[in-house]
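This document opens with one chain alone, in structure tokens, the form predicted alone.
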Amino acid sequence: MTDYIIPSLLLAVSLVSLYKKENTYDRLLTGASQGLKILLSIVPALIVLLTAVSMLRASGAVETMSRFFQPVFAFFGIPAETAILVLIRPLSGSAALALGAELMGQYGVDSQIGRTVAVMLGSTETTFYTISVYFGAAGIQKTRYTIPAALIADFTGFLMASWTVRWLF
């Protein structure tokens, strides 16, 4: 059934356009042109962000920060093994998924760490990626309170994930 959704949608739009006697092809080109303009405004921020994440991981800075912040995470009840996930998730979703899969493979999906990782990945956001994409598309340059508020929300998600898994499982 899902194979027919997009063709059906295109057919419906074409029929409505024919009924209203509008130039569908011209509107399609206009929309594609606007989409490319948005893409061009977003790409530089994404390139910088992905390069920075790769450099941090390759240099070992993420592991060093993880060891440095481990006592803080332990104070809040976040397992030490997931500390690296807390640091990398706001930067890169794909890196966080890779770390999550690695942790689940090492400790098992039904372990406390495996469940904590699963809840953490589901209850937090790739903050810097999201901000760079949406703010870049809208042309906003000053993030003001967005980054601190988003990071507080992410940390709250990590805390709730850790506490939920500990008390429910």
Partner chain sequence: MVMSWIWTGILLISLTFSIMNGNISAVSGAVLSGAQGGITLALSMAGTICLWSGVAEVMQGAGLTKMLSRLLSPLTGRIFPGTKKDTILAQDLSANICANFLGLGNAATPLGIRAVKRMTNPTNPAVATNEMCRLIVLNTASIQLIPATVAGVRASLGCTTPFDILPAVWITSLCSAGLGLMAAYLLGKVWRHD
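Residue numbers count along the first chain shown, from 1. For clarity, a rigid core is taken as the largest C-alpha set superposing within 1.5 Å between two forms. Predicted model, so just to flag it, every value in this text is computed and none were measured.
The same protein also exists as the form predicted together with the partner chain; that form is not shown, yet it is the one meant from here on.
Residue contact with the partner chain in the model of the complex: T164 places a heavy atom within 4.5 Å of it. Although the partner is absent here, A80 sits far enough away that none of its heavy atoms falls within 4.5 Å of the partner chain in the model of the complex.
With a 4.5 Å cutoff on heavy atoms, F135 counts as touching the partner chain in the model of the complex.
Contact between I113 and the partner chain in the model of the complex is not found at the 4.5 Å heavy atom cutoff.
Residues A137, A138, G139, I140, Q141, K142, T143, R144, Y145, T146, P148, A149, A150, I152, A153, D154, T156, G157 of 137-157 are found to place at least one heavy atom within 4.5 Å of the partner chain in the model of the complex. For Y129, a C-alpha deviation below 2 angstroms is recorded between this form and the one not shown after rigid-core alignment.
Once both forms are fitted on their rigid core, the CA atom of V62 lies 2 Å or more apart between this form and the one not shown. Relative to the superposed rigid core, the position of the CA of T156 differs between this form and the one not shown by less than 2 Å. In comparison with the shown form, the Cα-Cα distance of T51 and Y129 increases by at least 3 angstroms in the model of the complex. Between A45 and G93, the Cα distance is smaller in the model of the complex than in this structure, by no less than 3 angstroms.
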